[in-house]
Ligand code: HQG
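Only one chain is included here, represented as structure tokens and corresponding to the form predicted on its own.
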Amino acid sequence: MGNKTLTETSKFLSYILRHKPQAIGITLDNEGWVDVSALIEGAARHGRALDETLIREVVVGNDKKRFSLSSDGARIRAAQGHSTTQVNLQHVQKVPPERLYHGTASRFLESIRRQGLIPGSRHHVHLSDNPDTARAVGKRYGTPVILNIRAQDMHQQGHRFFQADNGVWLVEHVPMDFISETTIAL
């Protein structure tokens, strides 16, 4: 399978499994799962050819681990990043490391300084334990900025942290008081 096909399929799956399952006439359960067969059938009805082999290649080969297959391989879901309100992934609460990082673009700093980090259309703010990952995320939106988050301090003050299947840290909100440093990433 070519990289272009895998990339296009990954983008399609992200769109469907995170944001618009109804675009191909499927429904996710409350934890974001859908039968692989229903996904394939829905995609086919809307002109997109998928098969189990291609789906598995995308899941296994995705470096960001965006998707999970059930242990029997019959169901698939996006690991995190849902904007659809019907999905409420049951992530296990975890104690975060001392610091986590959030990648953003410099054009969003004024808004962040006013309200901290908010999830926007998603269910959670996404954080990384790796500043290089945060920098890469920030680059997608413009001039990258890495925000250093005092996650351990937040946790000690009652903020709940979760970790998605792909290692991304999730929290409902990051107040500005816990953003200790903003570094422009060159």
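Because the structure is predicted, anything quoted here is derived from the model rather than measured. Each residue number is its position in the shown sequence, starting from 1.
Missing here is the form predicted in complex with the ligand; even so, the following discussion is about that form.
- This chain lacks the partner; the member of Val137, Leu69, Leu50, Ile26 within 4.5 angstroms of the ligand in the model of the complex by a non-hydrogen atom is Val137.
- With the partner removed from view, the residue among His159, Arg150, Arg56, Arg122 that has a non-hydrogen atom within 4.5 Å of the ligand in the model of the complex turns out to be Arg122.
- Relative to the ligand in the model of the complex, residues Phe12, Leu17 and Ser37 are all farther than 4.5 Å at every heavy atom.
- Contact check for Ile118: a non-hydrogen atom falls within 4.5 Å of the ligand in the model of the complex.
- Shown alone here, His155 lies farther than 4.5 Å from the ligand in the model of the complex, counting heavy atoms only.
- Under a 4.5 angstroms non-hydrogen atom cutoff, the ligand in the model of the complex has His102 among its neighbouring residues.
- At a distance threshold of 4.5 angstroms between non-hydrogen atoms, Gln93 is out of contact with the ligand in the model of the complex.
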